[in-house]
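This document starts with one chain, in the form predicted alone, laid out as structure tokens.
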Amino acid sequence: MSDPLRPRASLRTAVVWDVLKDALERRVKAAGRDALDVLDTGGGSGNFAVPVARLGHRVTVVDPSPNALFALERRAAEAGVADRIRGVQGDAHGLFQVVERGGYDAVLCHGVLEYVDDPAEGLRNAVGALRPAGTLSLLAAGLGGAVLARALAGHFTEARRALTDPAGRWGEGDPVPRRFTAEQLTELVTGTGLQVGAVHGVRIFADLVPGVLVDTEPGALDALLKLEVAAAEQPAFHSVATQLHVLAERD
């Protein structure tokens, strides 16, 4: 995932970034503090952590990859926010070996549940890091988007396999271990005791539109961005989104 502040990359991140930024603003007002403590589980090289730190918040990134954390350190320094970002090596299942339980105003759990052995446990740990009035931003791979992409590429057998496979995988070569429907994600979230505030479809059209159209047609990028945002909250499009985003809070 690319930096949500870069125009071309925003096709893939605009919806999540806009929702997250608004949620952080609301949490700032509710907490009565200018700076929040934010945890980014599986945050890698800081694709969201760095922009969040640019807003003035303190961000802890937990990731199992030393290389990703090294890239995070370099990226944070280049952005001038090294003093507001801390990277620690760890994963969702061993989260409280490296961070404080109940110590964060917001937790980002982006691209994590697809890869953990037990999504319910991984999500419970992420939620366990929240303060009593905390906000969860959950982003995971959507089943419908993968089925549609394989079908449009002419791989009809793989599309059918993804549709019927319990994990939503289209074959042995599928790089994503698990995909979810919106219903599955909301059930996981409510199972932790959080209240779902909104569900958004992400990359509904961006992964299907030929790049040449976006790069060569005047105004196409802006128009496609607006289309993505307009469709994101429409439940009818959740079933064909490449990713699904759930925003939730403690009741």
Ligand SMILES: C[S@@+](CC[C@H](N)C(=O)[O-])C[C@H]1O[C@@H](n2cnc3c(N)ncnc32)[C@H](O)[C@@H]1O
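Numbers for residues come from their place in the sequence shown, where the first is 1. Model, not experiment: these values are computed from the prediction.
Below, we turn to the form predicted in complex with the named molecule, even though it does not appear here.
When the named molecule is considered in the model of the complex, residue 184 lies well away from it, no heavy atom lying within 4.5 Å. At the 4.5 Å threshold, heavy atoms of residue 111 reach the named molecule in the model of the complex. The closest non-hydrogen atom of residue 64 lies within 4.5 Å of the named molecule in the model of the complex. Contact between residue 60 and the named molecule in the model of the complex is not found at the 4.5 Å heavy atom cutoff.
Of the residues given (79, 127, 149, 116), 116 alone sits with a heavy atom within 4.5 Å of the named molecule in the model of the complex. Just one listed stretch, out of 214-222, 27-35, 41-49, 195-203, contacts the named molecule in the model of the complex at the 4.5 Å heavy atom level, and that stretch is 41-49.
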